[in-house]
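Coming up is one lone chain in structure tokens, specifically the form predicted alone.
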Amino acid sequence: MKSTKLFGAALLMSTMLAVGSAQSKTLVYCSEGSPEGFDPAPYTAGTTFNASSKPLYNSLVQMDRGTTNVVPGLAESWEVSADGMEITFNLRKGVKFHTTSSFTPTRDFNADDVIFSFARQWKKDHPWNQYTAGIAWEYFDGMDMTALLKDIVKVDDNTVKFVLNRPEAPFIANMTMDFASILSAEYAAKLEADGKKDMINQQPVGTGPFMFVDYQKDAVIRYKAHPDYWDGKQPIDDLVFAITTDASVRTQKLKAGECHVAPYPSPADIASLQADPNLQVMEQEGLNVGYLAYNATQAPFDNPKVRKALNMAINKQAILDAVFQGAGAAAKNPIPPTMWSYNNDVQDDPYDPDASKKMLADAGVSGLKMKVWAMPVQRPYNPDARKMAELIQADFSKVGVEVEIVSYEWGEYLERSKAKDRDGAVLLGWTGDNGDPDNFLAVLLGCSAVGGSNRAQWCYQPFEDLIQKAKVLPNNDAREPVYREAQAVFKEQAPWATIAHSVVFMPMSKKVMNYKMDPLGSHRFDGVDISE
């Protein structure tokens, strides 16, 4: 039965490709996982953003494709006041929202859409703040946007002013991020009137280069090019995400021509992909870090000496050899070495099981049993979390720590791992959103991110004071020494075991043209073409 299903799926995909090439340009992307939803603001996972914010939406400002350069998006221009407390965005005119089977817009994009998109995350009494019970705005809250914003003013239909309570050096860069995607206030009002608020997360409407067609859960997502896109209709007519969670199956599909782009290959498959005459394999150093986050609120992990001892039990080189197969480097800081302000003077925890065992004993820890959480999907910063967890399990056993490996479906994994009372340590990682150190240090380790993207649940005031100080300094030269000091404090306190920074490989058919690898780890198909 299983082989029959696989054959049927392959035949369906082959037929779809054949029909697509005869009638229109179709690109099939073998996505590594299913999105949590299609409203990007409540989420932080790249898998979700690739399926939602990247094809479907725009933000006021965005990253130029393949770079970390901020360029105009739905705002044509912007001005920052001399004191840094007011940022005024001049909105692009004539921008059309998507027309779908469930919604036909009656007006163009305007300031009301901007205010709606942020106010729903900001104001607890906003009718859309809890449109689904228990929804959390993880980025917005983790970046302390609630305290930062004083007001959002509609100057007129085409002008919006953000008024801040303090200067915020990375504010413009932060506005390129996925949580800042602009949704249609008119569509939201229709859904509210119809009693169907949940549909904003299931049948999305944006201004982006592609329009949502349909989604078969855990199987396929279909998009069509937005015919009235403000930056011009895309060369691709139909975009298909074929959800394929197994890296080896993605490789098979790519080689068989059943998909055109397949991310996150197994390191063991890279050589054969590079040797295939029908394929091209792009690569670049990733702006990422993979880590093991302890729960710093739970004993004995509330003791930094215990965390340091466990870090010294981990053989990173063995992990690099077995999991990354040479396509990575050991991580010592929570930011990658390609990012400005990286502190190379920090000394990494040595691999020293004997010293680890003694430190645990000195801290009064014996017979420790703990859980290590292993991600169910491949990510740029961790191509095989299960194997990594097994290696850590073996390492910890050598110092008398018994590890149980646990995992969950990806969306559940992300949700459960946020819990403040989560047990054990969780394998996760991060690829930068905007090229600013604040996007790692504050979003992943700041006090306001506890219970969200701060999976270590670590709120340490000396560190917090440094990252808050860096936010308000006027330029990168002034901010750099503060971030360097923050990295030293992080290493001393060890809320994570920093594992690795990876090289990212991107295999695709030679038919794919003008694809650009994103230094921030996203997969964008605006501007991409495919030869007949």
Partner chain sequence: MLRFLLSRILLLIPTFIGISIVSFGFIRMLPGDPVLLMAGERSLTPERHAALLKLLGFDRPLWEQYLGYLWKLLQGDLGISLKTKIPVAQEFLTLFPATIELSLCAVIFAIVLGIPAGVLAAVRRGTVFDHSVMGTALIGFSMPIFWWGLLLIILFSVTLQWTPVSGRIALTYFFQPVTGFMLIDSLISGQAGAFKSAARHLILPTIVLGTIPLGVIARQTRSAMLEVLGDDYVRTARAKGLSTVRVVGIHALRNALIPVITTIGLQVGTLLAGAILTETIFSWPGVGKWMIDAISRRDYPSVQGGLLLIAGVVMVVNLIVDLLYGLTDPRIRYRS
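Positions refer to the first chain, counted from 1. Between two forms, the rigid core is the largest collection of C-alphas that superpose within 1.5 Å. Only a predicted model underlies this, so the values are computations on that prediction, with no experimental measurement involved.
Not on display, but discussed next: the form predicted together with its partner chain.
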property: Distance check, R307 to its partner chain in the predicted complex, heavy atom within 4.5 Å; result: no
property: 4.5 Å heavy atom contact, G84 and its partner chain in the predicted complex; result: no
property: Contact flag, G452 vs its partner chain in the predicted complex, heavy atom cut 4.5 Å; result: yes
property: Residue contact check: V28 to its partner chain in the predicted complex, 4.5 Å heavy atom; result: yes
property: Contact assignment for its partner chain in the predicted complex, among Y381, F109, Y294, F179, heavy atom within 4.5 Å; result: Y381
property: Contact assignment for its partner chain in the predicted complex, among D395, D141, E186, D438, heavy atom within 4.5 Å; result: D141
property: Proximity to its partner chain in the predicted complex (heavy atom, within 4.5 Å), stretch among 128-136, 93-101, 344-352, 152-160; result: 128-136
property: Output flag, Y43, N201 and D214 jointly within 4.5 Å of its partner chain in the predicted complex, heavy atom basis; result: yes
property: Partner contacts in the predicted complex for 94-108 (non-hydrogen atom within 4.5 angstroms of its partner chain); result: none
property: C-alpha of Y413 off by 2 Å or more between the shown form and the other one on rigid core; result: yes
property: Shift of P72 between the shown form and the other one at or above 2 Å (CA, core fit); result: no
